[in-house]
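In the block that follows, a single chain appears as C-alpha cells, in the form predicted alone.
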Amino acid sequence: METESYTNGGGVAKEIGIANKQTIRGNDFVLRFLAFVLTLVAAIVLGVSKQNELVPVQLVPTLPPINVPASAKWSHMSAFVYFVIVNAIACAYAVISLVLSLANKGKAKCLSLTIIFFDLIMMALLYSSVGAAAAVGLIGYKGNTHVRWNKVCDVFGKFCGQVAAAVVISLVGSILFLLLVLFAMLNLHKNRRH
C-alpha cells in the first residue's frame, strides 16, 4: 500500500493510505479470468449433460411394468437452456471485459464505468439463471407431491449430479462478478475522496 500526503483546510498535513493501482488491476485481471473459466466450465458441464435410462411404467396393476426409454438432457427444460445461454454470454463478456480493462488500464473513466455497468448486468443474469436452474433441479431432486411430480434424480442420478455441479460452479462465477462490482465501487469511492 502506498501513502499520499495532503493538507486539509486547516493547513494540517495528513498521510492517507491508498491502494496500489497495480494490485487493483491484478485483482481485476484474476477475478475476470476466474469468472471466464468458471462460467465456461458451468456452461460446458450442463451443456454436455445427457442421460438415457429405461424407466419401468406400470399401466395396469395386474400386468408387469413396461420398460420405456427416457432421456434427460439440458435442452428439455427452459430453465437449463436459459442457464447455459447466460453462462455462455457471461463467459464471452468476461473475455471482452478482460481485454478492455487491460487495454484501458484505468485511464478512460467512461470505459471503466461501462465495464462496471455490464459487470452488474452479468452478475444479475448469472444469479437469475442460477436461481432458475436450482429451482428446477430441486423439483427434480425432491419432486412435488402436491401436483404429482415424481422425483427424477433417483432415475437420472448422473444428470442431476451434473446439474448440481454446474449450478455451484456458476454461483461461484456470479460471486466473482459481485466482487468485481464491489471492488470497482470501492475504487470509485477512494478516487472520489481525493
Partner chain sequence: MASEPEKVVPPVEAPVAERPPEKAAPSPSTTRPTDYFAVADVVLRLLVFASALVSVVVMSTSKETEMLPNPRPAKFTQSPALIYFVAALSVAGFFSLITTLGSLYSLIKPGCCAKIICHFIVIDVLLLGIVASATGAAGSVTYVGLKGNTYVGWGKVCTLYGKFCRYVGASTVVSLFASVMLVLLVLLSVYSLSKKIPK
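Positions refer to the first chain, counted from 1. These numbers come from a predicted model, not from an experiment.
Missing here is the form predicted in complex with its partner chain; even so, the following discussion is about that form.
Just to confirm the contact call: exactly one of 125 to 133, 162 to 170, 58 to 66, 29 to 37 touches its partner chain in the predicted complex at a 4.5 Å heavy atom cutoff, so which is it?
Residues of 125 to 133 come within 4.5 Å of the partner.
Though only this chain appears here, would Val147 touch its partner chain in the predicted complex if you measure heavy atom gaps against 4.5 Å?
Yes - in the predicted complex, heavy atoms of Val147 and its partner chain come within 4.5 Å of each other.
Please determine whether Val152 contacts its partner chain in the predicted complex, using a 4.5 Å cut-off between heavy atoms.
Yes, Val152 sits close enough to its partner chain in the predicted complex that at least one of its heavy atoms falls within 4.5 Å.
Decide whether His76 counts as a contact residue for its partner chain in the predicted complex under a heavy atom distance cut-off of 4.5 Å.
Residue-level check for His76: yes, a contact with its partner chain.
Contact flag, Ala108 vs its partner chain in the predicted complex, heavy atom cut 4.5 Å:
No.
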